[in-house]
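Taking the form predicted on its own, here's one chain by itself in structure tokens.
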């Protein structure tokens, strides 16, 4: 099904609701990841990574704004309120992304796993039947490609370095593995998203393609493959989150909450 605009989407029973769910997943993943990236500013291992993470954080937040704008076209409130004025139970990011950054190895491993997933998801969405989304992800894919190259290089470098670096990377993989499976969930809207052709592949295929791309990096980094990730107990796509997200939102929305009506 090819849908050209938000107005057309609103006329199809169930279409707008399914599309809205997916757009919140996309926006909230990027916003939360961008905020976590920004927390490294001034703390990264060297000045080059300080600059890199600043740029990547800006990209991720910019991508979230694109998705929020598509939501606004569908009748949701404006981007600022969607970003800063929603409770945790209305967020649809994967739980693994809301966890604190931990050490550098944890940050790199999580970012690498997420970037592989996001590239696969964006590739699928480039053929979405919702035309505004298919067009928008074209530019986003180009930027995310460079994020992925950057994180993959760090992942394999740390994993194969030996000593403390390898030990920390292996521990990061172990810590991430219990929740990384939450990336692939499309929540309660999956069947409708597939039915309408908003996304052409489901959670199982997203996961299969992700494993195909991540496993060679494990071999290069000389890190044992932990096995196929399980489905975690908590599903962020359904609004289920941890207290880590509450603390992240407290920090991220601090200025907005001083005067929500302020114009900047």
Partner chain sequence: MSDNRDALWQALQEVKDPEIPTISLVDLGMIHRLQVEGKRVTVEILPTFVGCPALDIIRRDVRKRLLRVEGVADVEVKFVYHPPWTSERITEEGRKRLASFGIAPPRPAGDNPMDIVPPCPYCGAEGGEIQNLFGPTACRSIFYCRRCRQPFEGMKPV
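Residue numbers count along the first chain shown, from 1. Computed from a predicted model, the values in this text were never measured in an experiment.
This protein has a second form, the form predicted together with its partner chain, left out of what is shown; the following refers to that one.
Proximity to its partner chain in the predicted bound form holds for none of 106, 215 and 222, with the criterion being a heavy atom within 4.5 Å. With the partner left out here, its partner chain still marks one of 204-212, 222-230, 23-31, 62-70 in the predicted bound form; by a 4.5 Å heavy atom cut-off that stretch is 62-70. By the criterion of a heavy atom within 4.5 Å, residue 55 is counted among the residues contacting its partner chain in the predicted bound form. Mapping the unseen interface onto this chain, residue 168 falls outside it, with no heavy atom inside 4.5 Å of its partner chain in the predicted bound form. Among heavy atoms of residue 86, none comes within 4.5 Å of its partner chain in the predicted bound form.
Though the partner is left out of this view, residue 152 does not reach within 4.5 Å of its partner chain in the predicted bound form, counting heavy atoms only. For the stretch 33-54, the set of residues having any non-hydrogen atom within 4.5 angstroms of its partner chain in the predicted bound form comprises 48, 51, 52, in sequence order.
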